[in-house]
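Subsequent text provides structure tokens for two forms of one protein chain, presented individually as structure 1 and structure 2.
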Structure 1
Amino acid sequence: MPETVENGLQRLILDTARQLLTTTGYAQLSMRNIAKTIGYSATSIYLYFENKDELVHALIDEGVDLLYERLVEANDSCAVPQDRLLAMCRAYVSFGLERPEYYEIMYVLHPEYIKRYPAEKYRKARKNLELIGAAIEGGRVHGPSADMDSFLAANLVWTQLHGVVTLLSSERVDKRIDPDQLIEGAYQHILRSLGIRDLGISDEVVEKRS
């Protein structure tokens, strides 16, 4: 079988598994169901993935890489340190809302359902938080959290952004609240709590939006 065909089949397996995971759930996911959906034998799938946990881990890896690319691009697009965290916050939320299947597999799928994520893969995923931490460290100028460990601060930023993404994705936000206002308000809350001045949106604009 030509290499390009094999790569195409692997891509088809991953895409199908991602869709099935987010529509039918982990418990219903099986090599047999994936094979039936794509019209191949289960044996064909085992040529690429030993079991469904390995398949799920591969999807998590892809999501981590896609998010990292967006964060790096956001970071590199800003010459002013105080702008970098805001740009990365925007990139994170955009990724979560535009790639909901990946996001759900990465951060919503309950870990007890799958084999423990390998330590070396977790270290790779941690780079996303370290990148955010570096932006925090470079942009802080004042505030009560100025002495907070940057990695802890990055995790706190993550929890707030994750809350925004999951609430909007699950349509749990009160209809009286404009989604854009919620997102922008979260960004401003993060920046101010960390003592990072937002150069992109003035206080006057923020007050009008709120």
Structure 2
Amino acid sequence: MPETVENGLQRLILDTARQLLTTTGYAQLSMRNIAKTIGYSATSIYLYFENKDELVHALIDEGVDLLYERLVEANDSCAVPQDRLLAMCRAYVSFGLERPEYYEIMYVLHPEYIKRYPAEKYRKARKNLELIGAAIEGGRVHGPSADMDSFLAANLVWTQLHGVVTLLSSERVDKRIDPDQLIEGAYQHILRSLGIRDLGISDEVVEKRS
């Protein structure tokens, strides 16, 4: 993890916090725990973050940025607009499953914490959803949901993806279910209900690009 190297203790604190989130959950994320893990005194953390809220908000920021990057990247990697939504869904889900600690604080944590999150940053976070909305707008051909405005549609896509991510990463999905099948199923589910061209076709495009 190259992140831990360059930026000194602040970086280490954030990374450790993330790690603790993953392994033990938010309830166990304490200043003291972080300190103990990195071998510093708890006081030292306050040199880099004014308080616990700020630390968590910094994590949220990073998560928002990272997801944004991934979505933009997914968007840019698609020559054909019709493929964009799928690519972005993939980006969203892989972000959620690969970075469950970010995902938890961004989208699962009790709102009590999120409400203290500065409004200005909130706006930035909302961009991620708008990116999905734009992909829907662009990818849409026609079909049953043509009358549905794309913002609502984006939220529908979001709920589906969110459900997949959270239930999978909280290990609540039955082990007999193949996660990949569930995920791919969700994509089909989404594309079909939006009236976008199905997976089969876009496959070619994907192959053309790589």
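Residues are numbered by position in structure 1's sequence, first residue being 1. Just so it is clear, the structure is predicted and the values come from calculations on it, not from any experiment. Heads up, when I say rigid core I mean the largest set of C-alphas that superpose within 1.5 Å between the two forms.
> Just checking, which of these two is the form predicted alone?
Replying inline: Looking at both copies of the chain, structure 1 is the one that matches the description.
>> Please find the hinge residue among 49, 178, 99, 122, where one rigid part turns relative to the other between the two structures.
In response: Domain boundary, by the fit switch, is at 49.
>> Can you work out the angle, in degrees, by which the smaller rigid part turns relative to the larger one between the two structures?
In response: Spelled out, the smaller domain pivots 12 degrees relative to the larger domain.
> Once both forms share the same rigid core frame, by what distance in Å has the CA of residue 29 shifted between the two structures?
Replying inline: Residue shift at the C-alpha: 4.2 Å.
> What Cα shift, in Å, does residue 38 show between the two structures once the core is superposed?
Replying inline: Its C-alpha shift, to one decimal, is 2.7 Å.
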